[in-house]
Each structure stands twice: as structure tokens, then as C-alpha cells.
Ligand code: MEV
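Quick setup: one chain, the form predicted alone, written in C-alpha cells, and binding and motion questions come after.
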């Protein structure tokens, strides 16, 4: 560990996909941003490289975390460090909790191995862990977390195979969302697998839907750069309709989408895999009162600024 007596601390941000989940797997762009909530990893000197898994994780999650950690640790020489985790995000809610964990762990492992945790190196190591968590992830989650910026992300064919490409999307206005949890989340693999089966059965129909989502993402990124939050919100609403057409929404998610729109959201949609439940995001100019009202009503929620100018000294 370098230096040997100093504890190491690193943060991995959660993420929301503003537009483009699912279609991003098929080569279309996605617009995603980092949350102010995520996972903190702390490392202290130890006799071997080891992970102290959170007690809140179930047995299957613990096995996956240890397997992913071991895979990443081997790639950096298994530095002698014991790492503990402090998660702020609910697991399996569509908020990139596994990617946040992978990024936080990767940064601590790189530091412990005496290497700089640059976004590129962090993303490379986190990608190895994400493959353990999800098999064949799109790459948007860990890239967003490692870059900690609002990005336009797309998978492209490179000389060595499919790779992810990202560019920052800058907003001249504060871009803030309310994140609210609704329903009981379905396993991502189940939701993604069912969509893949439908796509394979009716490829032309689903290709048209994915392409339409891709066009919406491009329009939305241009709206962000122009400071047109109303245009971004409308694109989010249309994307939600297409997610429903893809068979990915549910009554619990739709109810929360319409609830947020009724509270003044410029746009609202679910984020992540979808299914029976998960996270719903609403684009608000003033998210504070919305979070307060939802919290009083018993809804688990929070607000986060994804891009744009922040009040002086505010890094949340």
C-alpha cells in the first residue's frame, strides 16, 4: 500500500440514464449523468488483499462482490489492503449501484497498488468487475460513474471489438432530477432477457423502436447544450412512451411517472431496466419542495444535480 500507513478513500457515483436505456445495448446512444449519491470505499493496510462485504447484502450479492473484487485485484497485483464499503444507493434499483461499487473499489485498488486512479484506468478496472455483475453490460453505467459528468455514450465497433465511446454534454443551466423509488424491482437479467427474446422474434419492429429512441437521445443532448430543459423534458416523456411500447414499464412505474408530472416535472420516466419497479426520474427546476412533499407521503426519494452551473461551493 502506498504510502503504507495512510488510509485510502474513494467514491463511486451512482447514475441515472436520462434517455436511451436498453437501446444502448443495441448500438444506439444514451444520455446519462452521475448522481451525488453512490458508494464510498475505504482501504487500510492488511496482510492480504481482502474485501469486507456489507452486511446488508444477501448471500448471492456477497458472492458476486467477492468474485468481482478478486478479478480486479488480480489485475493490479493484489495489493495488501482491506477494503470496506459504505453504500448510499439502494441495490438493484436502476441507479448504477454495482457500477458505483466497482468504480469506488477500482480507485482504492489502484491507489493501493501505487497507480493513479485516472478516469480511464478506473473505468478499465471497473469494466472487469461489471462483467462479473452483469455478464455483458453496455458500459454506460461504469463510464458515467468514472467520468462523473453528463455524457453521451455509445457502443461502436473498434479494431479489437465493440468499445464504448463517451463525450461530455455541457449544460448552461442547472439540470436537476428527483429520483423516486416505486414498486418491487425485477432482476435486470429477466427484464433484459425477455426484451431480447421479443427483439429476436420481431427484429424489424424492435429495430424501428430502438432507432426512434436513438434519435430522441440525439435531440435531447442538443436540447441540454442549448439550455432547453423543456425540450429535454419532452424528449424524456416520449422516451417513456417508447419504453412502454418495448414492454418494459409497469403500473407501479407508470403511476410514479404521472405523479411526478402532476407535481410539475418538465419530463418524467423510469431509469434503468424497468420491469415491475425501480427508480423513476423527474426533471424539475426546483426539486427541493417536490422531495419534501414525496418524503412526507412516504416515498423514498432524493434530488441530484447532474450538470450545469452550481451554487458557489456546492459540490453535491
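Positions refer to the first chain, counted from 1. Source: prediction; values computed, not measured.
The same protein also has a form predicted together with the named molecule, omitted here; what follows describes it.
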Checklist outcome for this item: The stretch from 267-275, 62-70, 254-262, 46-54 that lies within 4.5 Å of the named molecule in the predicted complex, judged by heavy atoms, is 267-275
Checklist entry - Is there a heavy atom of residue 137 lying 4.5 Å or less from a heavy atom of the named molecule in the predicted complex? => result yes
Item to check | Heavy atom of residue 25 within 4.5 Å of the named molecule in the predicted complex | outcome: yes
Next on the checklist: With a cut-off of 4.5 Å between heavy atoms, is residue 192 one of the residues that contacts the named molecule in the predicted complex?
Outcome noted: yes
Checklist entry - Any chance residue 17 has a heavy atom within 4.5 Å of the named molecule in the predicted complex? => result yes
Checklist entry - Just one of 199, 237, 188, 111 has a heavy atom within 4.5 angstroms of the named molecule in the predicted complex, so which one? => result 188
